[in-house]
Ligand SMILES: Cc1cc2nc3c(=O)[nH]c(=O)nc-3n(C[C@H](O)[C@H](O)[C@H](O)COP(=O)(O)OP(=O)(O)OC[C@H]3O[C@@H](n4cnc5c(N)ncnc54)[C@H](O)[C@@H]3O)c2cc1C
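There is one chain below, alone, in structure tokens, taken in the form predicted alone.
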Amino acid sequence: MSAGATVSLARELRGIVGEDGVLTGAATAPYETDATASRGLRGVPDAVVVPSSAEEVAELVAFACARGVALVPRGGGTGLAGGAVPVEGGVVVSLERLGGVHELTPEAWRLSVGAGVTTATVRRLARENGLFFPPDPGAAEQSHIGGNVATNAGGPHAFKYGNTGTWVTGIEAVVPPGEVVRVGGDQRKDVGGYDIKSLLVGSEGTLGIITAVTLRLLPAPEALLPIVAFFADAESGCAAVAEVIANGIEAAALDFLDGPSLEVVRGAYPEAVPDDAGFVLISEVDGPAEEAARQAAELQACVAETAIRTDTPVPAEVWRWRDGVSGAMSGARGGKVSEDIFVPLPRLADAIRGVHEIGAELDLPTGTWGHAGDGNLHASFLIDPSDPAQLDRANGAADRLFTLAIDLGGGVTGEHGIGWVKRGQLARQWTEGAIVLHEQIKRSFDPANVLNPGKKVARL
């Protein structure tokens, strides 16, 4: 877009969101990328707008539809698939000002908030009222609940509790040609009509711009009991995971780190890590104190048969350690290319082995960690981001990783979404009929293709 056109666009946008609602100059730099920055993914927006209400968002969508201007919705910018990056320009619509708490009804276990409220705030509000919001994706202080709903974000406790969408009972969103729509709400039962709410969950801003959500909460569990088990290798660790599940133990989380990932964060673990550990299982049980203690004892006994050692650390300490893995892996060489494939649980050890084989062939250090109970692994190829050759090899490794996942009976994403970096990959795991339906849904919601065009595309 020419300089004159950009100035004209900014002037028109100020007429919708006000003088301070349009960012210019250096203020737009943080909106050029997201957590994929180390992969070199960056865009230059034609403008950045920060609306203050759903009504302003509706005016922006109406303007975009009338002028054919692309809108790129953005939450906290913590996405790992490039879904909020203006790769092909357009207007970034940051929802950070939609941060209000609309309604909190503890007696009904419900919370309604604006899309710009952080994940940490949602969890804190629940906790302060004796309640619990289970989804726990990373970057809780930065990620927004609207973005988590738009990507159907997961986290360690998704094994028991499901991804974010499981806890969404209502959505307010703006859809073309500029209408505020509300689906669902506080009701416990509502089965009329098509499940539009679930279509918006995980839509990554391609069907509508989520402006507020209503969430279901739970009474806070009385006890949280983590068990950390160290194993010699991935094969024995994955076998222990399968044994836990087969024995009917209702773990809240079953996370893992493989040997290279464990090595990077070894020094930060609250105790000394066994020298011969090549795999660690981080599990947790929760619930009423007596029942949780029983389940924890059963889980510990189950994994102790093959584990080198089992620990029962303080919950906050072990999860703080676990949350630091991604950052530590990025810091090992300065950057990483990481993808979150999923495979059937019986093939998890095969997938871990396959990741390391790909890395070895391409001369890239690797590490995997993730959610063992879900078969969802974050496979990382470590790079020096200043070396274009390493980045090229790592991007090629990611493509081979998708093939590996599909060959093992899995798929290309378990919780990060498709965004830009995985556009076209769904065609490798879906039937033609499913792809056509996917494309028809997009056209039905957004016939002018102004909402996050180029993202969540099933095939190229």
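The first residue of the shown sequence is 1; numbering continues from there. Just so we're clear, the structure is a prediction, and the values are computed from it rather than from any experiment.
FYI, the form predicted together with this ligand isn't displayed, but the following is about it.
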* Triplet Gly83, Pro137 and His371 all within 4.5 Å of this ligand in the predicted complex via a heavy atom -> yes
* With this ligand left out here, work out from 270-278, 179-187, 379-387, 68-76 which stretch has heavy atoms within 4.5 Å of it in the predicted complex. => 68-76
* If you check Gln295, Ser338, Ser261, Ser143 against this ligand in the predicted complex, which one has a heavy atom within 4.5 Å? -> Ser143
* Partner-contacting position among Gly359, Pro226, Gly90, Gly155 - heavy atom within 4.5 Å of this ligand in the predicted complex -> Gly155
* Interface membership of Leu404, this ligand in the predicted complex, 4.5 Å heavy atom rule -> no
* Within a 4.5 Å heavy atom cut-off, is Lys422 in contact with this ligand in the predicted complex? -> no
* Hey, in the predicted complex, does Ser283 get a heavy atom within 4.5 angstroms of this ligand? -> no
* this ligand contact at Gly375 in the predicted complex, heavy atom, 4.5 Å -> no
* To do: Residue by residue through 384-402, tell me which have a non-hydrogen atom within 4.5 angstroms of this ligand in the predicted complex.
  => none
